[in-house]
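To begin, one chain is listed below as structure tokens, in the form predicted alone.
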Amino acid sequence: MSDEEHHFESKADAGASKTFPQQAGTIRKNGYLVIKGRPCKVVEVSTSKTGKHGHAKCHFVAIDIFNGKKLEDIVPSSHNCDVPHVNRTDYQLIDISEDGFVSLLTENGSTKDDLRLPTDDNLLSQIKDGFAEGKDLVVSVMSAMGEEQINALKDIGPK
């Protein structure tokens, strides 16, 4: 035994995983799945029959929830796939800065200033027009795997 104290360098976060395993055969349409390291929403699932070597395969067609790209993956149905933890949170829009960032009001009364305006032109114009008219707007923010993006807008009436 030594009298020296041990110091540990901790570079870990709270330990909450960005994904959880789920058997490929149990993932359904409108579920979520990680394909090529991107969180995706499943739009189509087809399962092939067991072949000569025994594994039924699931063919997933999914759309990236942040950039809208279509991705495909084929996985044996008995194997595990990564499923992202996807959260949706509503925030009230307070301000839009010139450099494309938004200022949002959280439920506990603090502000969240680290989100950019969405890249979708239709949603972008709805947010800017509604804000210019002085409407009270609530934006839905989807977060998964350390990424966040505004993906929907609700008008809760005039100020």
Partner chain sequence: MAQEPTSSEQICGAAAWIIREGMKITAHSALCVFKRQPRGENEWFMNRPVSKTHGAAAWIIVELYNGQMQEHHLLQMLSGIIQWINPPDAVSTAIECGKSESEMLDGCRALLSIATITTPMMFDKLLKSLSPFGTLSLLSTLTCEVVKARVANTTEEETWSYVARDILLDTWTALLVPTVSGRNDALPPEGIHAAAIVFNMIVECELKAASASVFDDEDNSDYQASISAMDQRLSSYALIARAAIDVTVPLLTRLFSERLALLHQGRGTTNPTGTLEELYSLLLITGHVLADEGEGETPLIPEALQAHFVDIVEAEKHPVVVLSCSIIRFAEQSIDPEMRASIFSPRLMEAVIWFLARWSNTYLMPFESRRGNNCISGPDHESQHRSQLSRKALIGFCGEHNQGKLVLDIIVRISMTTLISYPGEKDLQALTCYQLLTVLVRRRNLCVHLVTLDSWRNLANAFANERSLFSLTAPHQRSLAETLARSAIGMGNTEAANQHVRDLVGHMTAYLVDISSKDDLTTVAQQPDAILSVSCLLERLRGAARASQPRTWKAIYEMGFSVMNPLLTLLEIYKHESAVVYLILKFVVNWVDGQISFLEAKDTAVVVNFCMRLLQLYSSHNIGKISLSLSSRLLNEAKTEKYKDLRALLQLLTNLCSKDLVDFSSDSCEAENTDIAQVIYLGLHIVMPLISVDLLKYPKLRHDYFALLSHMFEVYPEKVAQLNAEAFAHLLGTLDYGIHHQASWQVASKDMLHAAKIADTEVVNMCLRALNALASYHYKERGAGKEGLGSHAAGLKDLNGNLQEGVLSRFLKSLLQLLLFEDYSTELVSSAADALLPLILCEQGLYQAIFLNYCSELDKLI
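Numbering follows the first chain given and starts at 1. Take the two forms, superpose them, and find the largest set of C-alpha atoms that agree within 1.5 Å; that set is the rigid core. The structure displayed is predicted, hence computed values, not measured ones.
Heads up, the form predicted together with the partner chain isn't pictured, but that's what we're talking about next.
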Q) So, in the predicted complex, is residue 103 in contact with the partner chain at a 4.5 angstroms heavy atom limit? A) no
*Evaluate residue 43 for contact with the partner chain in the predicted complex, applying a 4.5 angstroms cut-off between non-hydrogen atoms, and reply yes or no.*
yes
Practice problem: Classify residue 114 as contacting or not contacting the partner chain in the predicted complex by the rule of any non-hydrogen atom within 4.5 angstroms, answering yes or no. | Solution: no
Even though the partner chain is not shown here, does residue 144 get within 4.5 Å of it in the predicted complex, heavy atoms only? no
Those residues of 116-141 with a non-hydrogen atom no more than 4.5 Å from the partner chain in the predicted complex are 120, 123, 126, 127, 140
Superposing on the rigid core, is the Cα displacement of residue 50 between this form and the one not shown 2 Å or more?
yes
